[in-house]
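Just one chain is shown here, as structure tokens, and it is the form predicted alone.
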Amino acid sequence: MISSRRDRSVTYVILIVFTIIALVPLVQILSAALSTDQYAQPGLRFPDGLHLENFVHAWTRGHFGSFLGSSVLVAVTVVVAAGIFSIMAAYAFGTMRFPGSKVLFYLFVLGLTIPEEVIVIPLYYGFRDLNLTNTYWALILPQTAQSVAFGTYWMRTYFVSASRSLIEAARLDGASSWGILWRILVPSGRPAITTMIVITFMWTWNEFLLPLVMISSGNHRTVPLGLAFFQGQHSSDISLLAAGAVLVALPVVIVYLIFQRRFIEGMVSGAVKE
């Protein structure tokens, strides 16, 4: 398709406008985090220096080291567990025919449509009866279940579009279903798997409602919940709050930058085929 110069100009203008809209809040936060508290004010302005001590003060006063440890433990466990379960479930739904497969698949997809606000209170009472509230299991188990629903839907699309001739050739060579999955389909599906991992990590890392309901001990708080408590204690210290927000968001940015190429490749190619 050949686009005219006018079409390209309009496209560039729209992209530039949305880029500015997306970047302005980030620049504001970074500017406030690097400024003195007297200089930091709402609105876009350049920092009055590089006051990196704001990050040190936010780290020590907000106990973000402990919160980051809890978030890393929960996020890594959820990503690994949900990734393995999603790949195996999606492989079955995408390549095998068995009675009730469609019904079971739509039950998995149903997990994507139920708002978390609807189930969080019943979950709390269920976990309380099992003495699991105020533990990491109260965060890991529900988020793994939610992520498996998305991961199964996402990866099934990849397995459905996988080359049938490649699978049949592997079967003729004596490969088992387990071997076809882990030795052939999983390595060739790295873009789709990477996209699933990045999205699951971001969802788990930014989860706020579940820790707010399930966790009352400071030892098990994750970073979004810790930042909320930190905001309540330092509501008037804009520089410290901005520095704390940057510390909380930094791991997600790092993960995205590391997997950026595979993430975009998975978004625009294999995983969106149906």
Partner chain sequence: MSLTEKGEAGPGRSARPGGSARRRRPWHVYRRAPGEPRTVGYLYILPALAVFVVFIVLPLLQSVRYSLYDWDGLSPARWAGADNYVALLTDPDLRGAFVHALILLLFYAALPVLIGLLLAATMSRIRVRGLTFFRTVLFLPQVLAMVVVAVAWRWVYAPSGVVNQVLGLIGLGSKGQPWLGNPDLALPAIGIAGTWVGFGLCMVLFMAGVQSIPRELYEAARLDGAGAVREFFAVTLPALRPQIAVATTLTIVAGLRNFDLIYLTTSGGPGNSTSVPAYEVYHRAFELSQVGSAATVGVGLTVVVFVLTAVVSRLVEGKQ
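Fair warning: this is a prediction, and the values are worked out from it, not measured in the lab. Numbering follows the first chain given and starts at 1.
There is another form of the same protein, the form predicted together with the partner chain; it is not shown, and what comes next is about it.
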The partner chain in the model of the complex: contacting segment from 187-195, 140-148, 67-75, 154-162, heavy atom within 4.5 Å: 140-148
4.5 Å heavy atom contact, P224 and the partner chain in the model of the complex: yes
Contact flag, T60 vs the partner chain in the model of the complex, heavy atom cut 4.5 Å: no
4.5 Å heavy atom contact, T95 to the partner chain in the model of the complex: yes
Proximity of N131 to the partner chain in the model of the complex, heavy atoms at 4.5 Å: no
Contacts with the partner chain in the model of the complex - residues in 167-182 whose heavy atoms fall within 4.5 Å: E168, A169, R171, L172, D173, S177, W178, L181
